[in-house]
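One chain follows as structure tokens, the form predicted on its own.
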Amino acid sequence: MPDPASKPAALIQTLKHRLLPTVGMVAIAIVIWLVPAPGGVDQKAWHLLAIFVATIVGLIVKPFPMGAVAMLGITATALTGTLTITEALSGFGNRVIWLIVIAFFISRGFIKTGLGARIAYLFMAAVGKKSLGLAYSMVATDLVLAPAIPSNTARAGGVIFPVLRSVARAYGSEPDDGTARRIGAFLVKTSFQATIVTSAMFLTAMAANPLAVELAGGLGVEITWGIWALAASVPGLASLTVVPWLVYRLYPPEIKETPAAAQMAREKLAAMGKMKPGEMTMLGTFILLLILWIFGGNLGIHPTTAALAGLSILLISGALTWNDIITEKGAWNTLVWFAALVMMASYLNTLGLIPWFGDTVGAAVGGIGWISAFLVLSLVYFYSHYFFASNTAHVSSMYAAFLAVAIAVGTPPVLAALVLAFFSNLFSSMTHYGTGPAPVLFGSGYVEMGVWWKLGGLISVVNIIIWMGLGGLWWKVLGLW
């Protein structure tokens, strides 16, 4: 029998975690709604801003799951007459949204077929005889999987972490008995920083990346899969080379030689046997998708069309079943919150609010030159992530506004859009709550919070130097500025 005394406690918890934050969201919306719109801003745009801000606050405080908060926002836009019901639901027909949703389905094939684990063990067997080489094997695995797995949480938590945990356990490195520093802590911190960088390297490597692309498109800036990957390639590979070495120097493992890890990988590969038909289908589909995402534009094939073709191959071959599709909750959840945020951001732009903000702030800072102004804007955008527990919330609330200002002060539009998009991933390196993989890896208990923050803060500076320095030179070669 449930304890009657527990009912008041449960009610208090419900009040604390749901009702009070919901009341706060509504109060914020009402306050903004009642404030007269600034001169030059349409009142309907101002009302939509009120709903948008309340939705973003809901994504941060999370009184309900993200999808539920987004659905409340959609309902509010239609119920208040701010937008028509057709306009409120327009986000669900966005092709970029479907690209990321389909990529979620495709990524399930890597885990289901075992191809993701096989790739990890292949790299480990090849370069895992030393602890630094072992770390680079995790980095290489993440890099290979990133283009087709849009959830960095799935990559880091579903593929990398189980392998990492097995290695740490094999070397007697546990999080709670004083042995974390043997090798487990080093591998955890390195793998986390690697997934942050790989998330910045491909449009389809993190769920909020297509959101940035869509917001940039609303301001007239087109970013393709190929342009994103090409622009990120040089600074990304540099970061993936430097950061693990830096962690190794600043936070070294006690165990430097790891021949048993390479041997364990070979044993795992032997146990897996030859590639199964499902794995071969998955690998072939992955290669086809990369080709179409890179060169499809020349053939008139949109990336979403390519993704649909890849998914169809996996379904026809049986590598994935329809049950796999309907049980992929992350994809359907992403569809809902993505559609809501894209819809609101699009209409904030259409109704003139974002251009007004860009022109107003741009006029205030435009006298200092676009390079200096953009550098300041980028750093503010980057380090404001200390206040966010979600890449999506950060991108939704600040990306379009900062991009509008950057363009207004004279920054080349494609350069501004890409740098802010890259930073929309790299800023997650700092805290133990700033992105999905952080709670997974930090929650393993291997790395203390103080160390996590200190290393994260330092690595954030290193990444900024690499991406704005070496990256800036590379982007000059590409003609982006």
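Numbering starts at 1 and runs along the sequence shown. As the structure is a prediction and not an experimental result, all values here were calculated from the model.
Another form, the form predicted in complex with another copy of the chain, is not on view; read the next lines as being about it.
Mapping the unseen interface onto this chain, Asn298 falls outside it, with no heavy atom inside 4.5 Å of another copy of the chain in the model of the complex. Proximity of Tyr386 to another copy of the chain in the model of the complex: non-hydrogen atoms within 4.5 Å are absent; the residue sits far from the partner.
Using a 4.5 angstroms threshold between heavy atoms, Ala231 stays clear of another copy of the chain in the model of the complex. Residue contact check for Gly456: none of its heavy atoms lie within 4.5 Å of another copy of the chain in the model of the complex. Stretch-level contact check against another copy of the chain in the model of the complex with heavy atoms at 4.5 Å: of 319-327, 244-252, 378-386, 203-211, the positive one is 319-327.
Contact annotation: of the candidates Gly445, Pro65, Pro413, Pro439, the single residue with a non-hydrogen atom within 4.5 angstroms of another copy of the chain in the model of the complex is Pro65. Contact annotation: of the candidates Thr392, Thr304, Thr281, Asn349, the single residue with a non-hydrogen atom within 4.5 angstroms of another copy of the chain in the model of the complex is Thr304. Along 234-256, not one residue places a heavy atom within 4.5 Å of another copy of the chain in the model of the complex.
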